[in-house]
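Next up: a single chain in structure tokens, the form predicted on its own.
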């Protein structure tokens, strides 16, 4: 019964918290309205979540996030060094097609977001069949090394988490 009323409990909790933060006032009326939003929105969107399964190894998410945060911090310094000190003619940008082993859309989205969040790289396109991701690297003297890093550092971990 409760699962039918609240099909996605974490979404409901998140919606209530976001509503309370947006209102910026802890009143009973705001909390009640947030709870209504937290129940109604997941009920309305439930048909669009067919077959959405959870994570196979959610305990690995904190380690993955730590790696991503570390890589973002490190890449910020690398990009700053490139922008400030490297002559423009020395830049070696590259387009890299990353063949994907991931199949779940959530995992592919997480990989694309990770790549885009890391300064110096951006995921630009997903192939129509969902088997390759096109990535642009601002400076990649060795595109194969960038490809290997994406595959081993991010995709392999996401595969463990999602599949």
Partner chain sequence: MSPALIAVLPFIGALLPGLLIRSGRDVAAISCATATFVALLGLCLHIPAIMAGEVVTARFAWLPSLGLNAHFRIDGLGLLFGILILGIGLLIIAYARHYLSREDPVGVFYTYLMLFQGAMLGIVLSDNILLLLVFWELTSLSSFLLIGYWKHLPEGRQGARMALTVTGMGGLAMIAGMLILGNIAGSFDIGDILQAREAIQASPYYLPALLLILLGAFTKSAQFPFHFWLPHAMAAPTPVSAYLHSATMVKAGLFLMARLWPVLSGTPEWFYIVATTGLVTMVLAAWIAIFRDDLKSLLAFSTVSHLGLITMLLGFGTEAAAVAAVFHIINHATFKAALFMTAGIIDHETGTRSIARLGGLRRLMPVTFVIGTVAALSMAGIPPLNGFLSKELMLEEATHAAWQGSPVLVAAMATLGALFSVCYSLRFVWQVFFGPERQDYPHRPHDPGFGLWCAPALLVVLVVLIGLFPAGMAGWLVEASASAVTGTAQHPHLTLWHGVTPALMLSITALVGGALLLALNRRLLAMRAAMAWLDAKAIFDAVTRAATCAAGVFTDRLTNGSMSRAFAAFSLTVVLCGFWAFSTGGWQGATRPMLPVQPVPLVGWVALMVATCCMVAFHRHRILALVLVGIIGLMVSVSFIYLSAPDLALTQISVEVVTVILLLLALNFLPKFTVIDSRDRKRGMDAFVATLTGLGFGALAYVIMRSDFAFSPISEYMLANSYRLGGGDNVVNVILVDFRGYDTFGEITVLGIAALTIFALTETLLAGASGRRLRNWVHDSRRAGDRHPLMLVVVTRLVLPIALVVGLYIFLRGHNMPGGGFVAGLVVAVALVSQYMASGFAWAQERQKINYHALIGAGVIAAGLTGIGAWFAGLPFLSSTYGYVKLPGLEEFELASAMGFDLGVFLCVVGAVMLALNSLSRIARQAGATVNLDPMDIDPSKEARR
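Being a predicted model, the structure only gives us computed values, none of them experimental. Residue numbers count along the first chain shown, from 1. For the two forms, the rigid core is made up of the largest set of C-alpha atoms that agree within 1.5 Å on superposition.
Although it is not shown, the form predicted in complex with the partner chain is what the next lines describe.
Looking at residue 62, you'd find every heavy atom of it more than 4.5 angstroms from the partner chain in the predicted bound form. In the predicted bound form, the partner chain sits within 4.5 Å of a heavy atom belonging to residue 29. Taking the partner from the other structure, the partner chain in the predicted bound form has no heavy atom within 4.5 Å of any heavy atom of residue 58.
In the predicted bound form, at least one heavy atom of residue 23 sits within 4.5 Å of the partner chain. Contacts with the partner chain in the predicted bound form, taken as any heavy atom within 4.5 Å, map within 10-25 to 11, 15, 18, 19, 22, 23, 25.
Relative to the superposed core, residue 147 shifts its CA atom by less than 2 Å between this form and the one not shown. With the core held fixed between this form and the one not shown, residue 95 has its Cα displaced by under 2 Å.
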